[in-house]
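Given next, in structure tokens, is a single chain: the form predicted on its own.
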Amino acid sequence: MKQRQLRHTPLAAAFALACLTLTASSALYAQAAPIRIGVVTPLTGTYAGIGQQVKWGIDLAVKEINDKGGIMGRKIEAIYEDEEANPNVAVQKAEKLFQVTKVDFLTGTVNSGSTLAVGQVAERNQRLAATTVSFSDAITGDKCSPNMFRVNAKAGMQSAALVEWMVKEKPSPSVFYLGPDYEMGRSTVAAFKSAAEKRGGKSVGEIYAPLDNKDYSPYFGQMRAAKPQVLYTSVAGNDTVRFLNQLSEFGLAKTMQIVGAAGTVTAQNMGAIGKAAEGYVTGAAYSADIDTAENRKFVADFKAAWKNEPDLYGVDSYGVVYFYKAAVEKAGTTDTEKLRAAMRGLEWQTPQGKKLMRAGDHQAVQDMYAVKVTNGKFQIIAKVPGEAAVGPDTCTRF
């Protein structure tokens, strides 16, 4: 019996050594393999300009990090899919990235409906995702997901900064609302309306136009009749170009102060809007005019890379890659459970300043600004601290 065991010992030892070598090789490959970040964002259609800023921001951060050795020795690979600002398409593309491409992390969603849907896809696939664009309060509110994070400001935070400025300029103003007819449009209008009414604002009309609307003039009669002092809008992308230019052509723009959501007028569509954007005011978490060394460097690097100025979508998409990097380094792994725990309560540095990811609802806390379009550029006119703007944690799902 002992002879038989000795006869087979060399073969057993060789087999064990082969297994050990294979295991070690697999472990080394896993450590050396790139970290894959899936980006589901609109690259065509009405919101293609927003998707372009998302891509520019992510690509710049990925290059910077890879040039310095990556994350824990692993390079980052960004893989893009066009969601067309359509929640059904976003779900299909997210499933593909999780199931086929095997991405470690997902980001990029613009349409708030897409973000809410992709949050459920991330849960099913036991992966994490973050939005850098979507405004709907529901994303980190009553429809929060344990697997979805938001690094950008929600609608309520934008409204807090904008209303603070508005009531000082026009006490007890009459306000008319026009938003796009989907989740983001209705939630941004609701957030601003609630904040304005609490500060003495009077609501005098409310309209929702279809996405990719070509003609806004049928709504102008109702606006004229309401005689508002302030018009709030949350249309975005190419819709903003059409809306503000038509508003100007019909002579309505000069009869009221136009304010709106942070994504309504951006660096991407301001050129096409032209003089019709002058005087527009928004509440935002970013302006290229933030006067810090970090932001000046970011703006210079962004312009050098893309020959365009960054907007809030570009800077937040840049920031989400550094958020992910900080979390992976804190957790020491890309494991979902450990990474989720590391992201909660995480502080990280961005061109906007330091941000805090609130643990209870996965909403980033950051300073907010009221900014005004002056001579074709955004100018900071007021500031609200992040803690004052963010509002209470209303997430109850986790």
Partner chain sequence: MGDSVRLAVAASERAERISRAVLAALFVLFALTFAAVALVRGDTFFFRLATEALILGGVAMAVDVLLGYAGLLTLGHALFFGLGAYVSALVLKETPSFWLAMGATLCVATLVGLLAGVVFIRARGVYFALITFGLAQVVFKAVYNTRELGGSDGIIGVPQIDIPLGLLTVSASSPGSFFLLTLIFVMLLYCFLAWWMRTPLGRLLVAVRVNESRVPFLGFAPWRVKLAAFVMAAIVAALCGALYPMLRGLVSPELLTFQTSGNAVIMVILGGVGTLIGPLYGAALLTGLKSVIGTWTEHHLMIIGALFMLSVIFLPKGFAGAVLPRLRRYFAGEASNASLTKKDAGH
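Residue numbers count along the first chain shown, from 1. Think of the rigid core as the biggest set of C-alphas that the two forms share within 1.5 Å after superposition. Because the structure is a prediction, the values reported are computed rather than measured.
Keep in mind that the form predicted in complex with the partner chain is not shown, yet the notes after this line are about it.
Note on contacts: among S172, Q92, T255, T292, the single residue with a heavy atom within 4.5 Å of the partner chain in the predicted bound form is Q92. Between the options W306, Y182, W165, Y322, the residue in contact with the partner chain in the predicted bound form by a heavy atom within 4.5 angstroms is Y182. Look at 152-160, 228-236, 69-77, 96-104: in the predicted bound form, residues with non-hydrogen atoms within 4.5 angstroms of the partner chain sit in 96-104. Taking the partner from elsewhere, D82 is found to have a heavy atom lying within 4.5 Å of the partner chain in the predicted bound form. Using a 4.5 angstroms threshold between heavy atoms, N86 counts as touching the partner chain in the predicted bound form. The shortest heavy atom separation between T44 and the partner chain in the predicted bound form is within 4.5 Å.
At a distance threshold of 4.5 angstroms between non-hydrogen atoms, Q126 is out of contact with the partner chain in the predicted bound form. Along 113-131, a non-hydrogen atom within 4.5 Å of the partner chain in the predicted bound form is carried by G113, L116, A117, Q120, R124, in order along the sequence. The Cα position of D239 differs by 2 Å or more between the shown form and the other one after fitting on the rigid core.
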